[in-house]
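Below, in structure tokens: the form predicted alone, a single chain.
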């Protein structure tokens, strides 16, 4: 009887401490977020190379500013500098943890600010393979999670987790994320459409560490498997803690960008 009791107690203890796949997936996502918190603000330049299914390319140049917001998502402003036909176009994003993001697009030719409706967040941004929702900060609360497995990606030990968008307006049913085990940074993301077909793959390359803590990729390559199109984002000239304020991220500021 005593042996049976000890066996039952040991089984209960194992059951009480066992981590579910959902709990482990969430814990990994939280660690990714925690390690990338506290940078304050940054500014950078970015090249966007668009390639169609026939291999024809077009290049756009942009500036980006971003501000961390306590207890909410980041604020981000993207401004196009080249080519001339898109110069001055600007996207302002207020990311949120538990509600749909707010986004506004300034079109200089019309001299007007257009609000991006939540139901349109899955649409392509300026002809690229990045959707509007891809450009918002990826807050932990935007998804539910599930740990899938440990794996190797090009020789790097990774966690593979699945995340499911909470917003009913998301264009994705699920995303599979490969997370570097040592640095807790994403190395690859697969995006599945609402029909659960593989839509796109995003790969991150050339990570560098800034402020002795924060990793940023030099290149982000998005391949659309359904259309054959792709977009390569090349980041450069990162500057952190430049003194940006909330007043730098207002709808009125969109009209003043140069």
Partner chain sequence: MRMGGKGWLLLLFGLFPAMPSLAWDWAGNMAVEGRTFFQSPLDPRQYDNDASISLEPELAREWHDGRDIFVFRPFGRLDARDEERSHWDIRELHWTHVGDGWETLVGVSRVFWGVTEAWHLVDVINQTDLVEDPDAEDKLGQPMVKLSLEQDWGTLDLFLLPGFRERTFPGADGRIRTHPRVDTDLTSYQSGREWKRVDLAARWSRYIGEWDIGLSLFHGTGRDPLLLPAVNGKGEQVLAPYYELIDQASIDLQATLGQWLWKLEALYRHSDNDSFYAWTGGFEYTIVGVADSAADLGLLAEVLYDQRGDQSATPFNHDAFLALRWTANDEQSSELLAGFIVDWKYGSTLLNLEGSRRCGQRWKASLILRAWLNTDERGLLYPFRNDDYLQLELARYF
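Note that the structure is a prediction, hence the values are computed from the model and not measured. Positions refer to the first chain, counted from 1.
This next part talks about the form predicted in complex with its partner chain, which is not shown.
Note that among 146-154, 159-167, 97-105, 184-192, the stretch whose heavy atoms approach its partner chain to within 4.5 Å in the predicted complex is 97-105. Looking at its partner chain in the predicted complex, residues 24, 37 and 173 place no heavy atom within 4.5 Å of it. Put simply, residue 85 is close to its partner chain in the predicted complex: some heavy atom of it is within 4.5 Å.
Residue contact with its partner chain in the predicted complex: residue 245 places a heavy atom within 4.5 Å of it.
At the 4.5 Å threshold, heavy atoms of residue 138 stay clear of its partner chain in the predicted complex, well away from it. The closest non-hydrogen atom of residue 220 lies beyond 4.5 Å of its partner chain in the predicted complex. Although its partner chain is not shown here, in the predicted complex the stretch 127-164 places heavy atoms of just one residue, 127, within 4.5 Å of it.
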